[in-house]
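Starting off, we have a lone chain in the form predicted on its own, written out as structure tokens.
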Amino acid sequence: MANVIEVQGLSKRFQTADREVQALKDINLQIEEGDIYGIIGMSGAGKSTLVRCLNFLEVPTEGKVTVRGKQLDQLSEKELREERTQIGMIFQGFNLLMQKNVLDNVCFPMVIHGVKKQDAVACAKSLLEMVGLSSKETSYPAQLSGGQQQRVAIARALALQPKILLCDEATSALDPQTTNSILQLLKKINQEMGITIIIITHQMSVVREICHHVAILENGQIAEKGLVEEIFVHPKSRAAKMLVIEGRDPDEWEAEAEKQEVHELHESRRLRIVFSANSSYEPVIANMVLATKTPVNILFADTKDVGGVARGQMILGLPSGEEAQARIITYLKGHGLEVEEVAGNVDA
């Protein structure tokens, strides 16, 4: 599959009144056509700056951004405006025109790009049907729920038939049920229309639900990137381990740090094991204790939906004694489980 977006050595600095701020540093990304790619990080990690660099609403200080084979810094203003029509955008705040009804909101980008009114209306009606809002054509944004407003924003973003859709914290203002319905709609758009979707979020639950690949940003740099499934099984960076092992979204890291059991473990050696879809339903730990005649402490356990597949994880506190520890590890690996040693605190 060809890359639809390539980012090479991208850095972005802002000059304030008294100092220079490094928002992004040496970002390198390749996003394949048709992918759903997540970019996740804490507030201030550089996510929104990065997404704005992907369509040159922010011009990088250094580096290259290539979209559909075109290097954006080599385009004229007219060519750049034309290329942006192929990159739709939706935002946390919806950004609808409050004085226009739903149908006119969706028509708006087509009208300003010279599409005949009759054709624009027909297209808008079709898009509103796709997002489930045919009955709201004459309603105004203030009369809609947050989820309905976001559906209108999605329809509007698709009006010019883009090849890429950028979603900047598009579900952050929504409740969990509404968030899930919006994510299912985005998944449908990806599958049925073949549109590449880039999701900027601070919610790991969003990444697990919909994304194929993910890049984790920390302090303006990519801490880790790859398949969502692979990062769940083998998180390597501090940021990924905090997201995956501790099971918290980045905006909860500081507020709930003292509540996490994984910070309070006292065993001298700990293992993280990851269960596949099959092993999730087997009493693996009970069978291991019986087979090895060696007890363990279950210090942490949960199950997450990763791309529609149930993946469980546990952190086990091992008994003292190298021989007993070796029996446990051999048993777990022999039953096809992913096993890795972890510190008592993932910051270590």
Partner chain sequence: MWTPEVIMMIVKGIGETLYMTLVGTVIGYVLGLPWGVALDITAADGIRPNRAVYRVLDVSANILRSIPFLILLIAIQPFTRLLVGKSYGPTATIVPLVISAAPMIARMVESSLKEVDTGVIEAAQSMGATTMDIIFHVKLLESRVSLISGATISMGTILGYTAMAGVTGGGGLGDIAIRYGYYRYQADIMIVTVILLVVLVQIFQLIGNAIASKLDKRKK
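Residue numbers count along the first chain shown, from 1. Keep in mind the model is a prediction, meaning the values are calculated, not measured.
What comes next is about the form predicted together with its partner chain, which does not appear here.
K.L.:
Can residue 289 be called a contact residue for its partner chain in the predicted complex at 4.5 Å between heavy atoms?
P.N.:
It does not: once its partner chain is placed as it appears in the predicted complex, residue 289 has no heavy atom within 4.5 Å of it.
K.L.:
Given that its partner chain is not shown alongside this chain, does residue 100 nevertheless sit within 4.5 Å of it in the predicted complex, heavy atom to heavy atom?
P.N.:
Residue 100: contacts its partner chain in the predicted complex.
K.L.:
Should residue 275 be counted as a contact of its partner chain in the predicted complex, where contact means heavy atoms within 4.5 Å?
P.N.:
Residue 275: no, not in contact with its partner chain in the predicted complex.
K.L.:
May I ask you to check whether residue 156 falls inside a 4.5 Å heavy atom distance of its partner chain in the predicted complex?
P.N.:
It does: once its partner chain is placed as it appears in the predicted complex, residue 156 has a heavy atom within 4.5 Å of it.
K.L.:
Pick the stretch from 67-75, 198-206, 112-120, 175-183 whose residues have a heavy atom within 4.5 Å of its partner chain in the predicted complex.
P.N.:
Selected range: 112-120.
K.L.:
Decide if the three candidate residues 52, 84 and 95 all line its partner chain in the predicted complex, where lining means a heavy atom within 4.5 Å.
P.N.:
Yes, each of 52, 84 and 95 comes within 4.5 Å of its partner chain in the predicted complex.
K.L.:
So which of 211, 89, 128, 239 reaches within 4.5 angstroms of its partner chain in the predicted complex, heavy atom to heavy atom?
P.N.:
Looking at 211, 89, 128, 239 one by one, just 89 meets the 4.5 Å heavy-atom criterion.
K.L.:
Looking at 134, 143, 191, 219 here, can you tell me which has any non-hydrogen atom within 4.5 angstroms of its partner chain in the predicted complex?
P.N.:
It is 143 that has a heavy atom within 4.5 Å of the partner.
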